[in-house]
Each structure stands twice: as structure tokens, then as C-alpha cells.
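Before any questions on binding or motion, here is one chain by itself as C-alpha cells, the form predicted on its own.
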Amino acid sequence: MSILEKTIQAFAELFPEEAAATVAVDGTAEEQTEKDSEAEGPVVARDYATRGFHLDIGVAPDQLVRAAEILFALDYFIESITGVDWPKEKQIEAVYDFCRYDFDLCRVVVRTRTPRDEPRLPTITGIYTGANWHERETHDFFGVVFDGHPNLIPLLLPEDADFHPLLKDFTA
């Protein structure tokens, strides 16, 4: 069984009803864009050549820590955490990128959304210590508070900064 199949199978725990409904999306860039807009479900297989990752997994904030635990158990490492501001939807999306070191390459994106007016997510630093500075950076730029973070102080902004420069309504 490939690591992609093992990862999909492992996420069946979080999504038992949808596990059999994992959507495979591949093809040319034009086909990919069209299929992406039609793809639904929490676990979507993507074409690596057109997207740069193999699995796109959407979780609720309360499933985030368990998703990180699943990926850690499968020997994934954290590459990055960033945010996306969705002002019309009044949400902030946190995007977590994971990969593996071995030759059985599999890149996974985990996404979760939180209300824009009070963006809070649980920290994953207890699982991935390397998430520490990624969460601090995401807090700096998007204002996401990572509950349970051991040292959520500014990483790149001044300590007295009361702004988040990557929010779409930010003005200097």
C-alpha cells in the first residue's frame, strides 16, 4: 500500500462516513481547475504536477490536533503554516503543509477555518515543535491566536504591534 493510500485510510478515522468518498482529481491544468471547483469532501486527492501536493484535507478546528497526530504517526514533517484572509466570508483559513523525507514522497495540505473577528485555533507545537515559529508568524501576520502555544509572542513584528499586515483590510 502506498503512503498516499495509507494517509487516506488513516484519515478515515476523522471522517468515517466520507472515507469512501475521497475524490481523485487529476488531468491537465484546465481540467484540474474545473474538477477542483467540483471536488467536495474532507479529503481530496490532487494531481501533484498541477497543484504541488497530493492530498488536500479540510478539517474543523477541533480536528486539527488529531490531524497533526495522524500525520506525525505516518512520519510527515511540518513544512509551513500560513493564513488566508477571507473577509467576505468573515473567516481566516490556516493552511498547514506537510511532507515526508523518504522516497515515498507525499505532500499533504491541511486546511481549517476560524472566525475572522476572533481567530483561534489549537496549537500543534505539542506534536511538532517546529510549528512554534510558524504559528508565531501566522499570529503576527493574520492575528490567529494558537491556544496552548508555549510562547506566542511576536516573531517579526514589534512587540507593541496591534495590527496584522496580511489581512486584506490592513492599511499602513
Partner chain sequence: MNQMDLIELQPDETFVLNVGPQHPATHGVLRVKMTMDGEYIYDAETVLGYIHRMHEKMAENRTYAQYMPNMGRLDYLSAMAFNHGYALVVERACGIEVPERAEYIRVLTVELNRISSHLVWLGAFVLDLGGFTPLMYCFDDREYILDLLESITGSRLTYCYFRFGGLYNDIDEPFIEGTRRFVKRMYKELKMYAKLVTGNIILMKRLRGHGIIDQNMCQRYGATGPVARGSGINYDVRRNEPYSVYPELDFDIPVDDGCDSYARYLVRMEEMVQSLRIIEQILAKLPEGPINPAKKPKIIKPPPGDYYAAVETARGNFGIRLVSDGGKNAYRLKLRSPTYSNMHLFDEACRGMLIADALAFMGSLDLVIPEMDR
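Residue numbers count along the first chain shown, from 1. The structure displayed is predicted, hence computed values, not measured ones.
The next section is about a form of this same protein that is not shown, the form predicted in complex with the partner chain.
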Checklist entry - Would Gly58 count as touching the partner chain in the model of the complex under a 4.5 Å heavy atom rule? => result no
Item to check | Arg120, heavy atom within 4.5 angstroms of the partner chain in the model of the complex | outcome: no
Checklist entry - Does any heavy atom of Phe146 come within 4.5 Å of a heavy atom of the partner chain in the model of the complex? => result no
Checklist entry - Going by a heavy atom distance of 4.5 Å, is Val109 a contact of the partner chain in the model of the complex? => result yes
Checklist outcome for this item: Of the residues spanning 95 to 110, the ones with some heavy atom within 4.5 Å of the partner chain in the model of the complex are Val95, Asp97, Cys99, Arg100, Tyr101, Asp102, Phe103, Leu105, Arg107, Val109
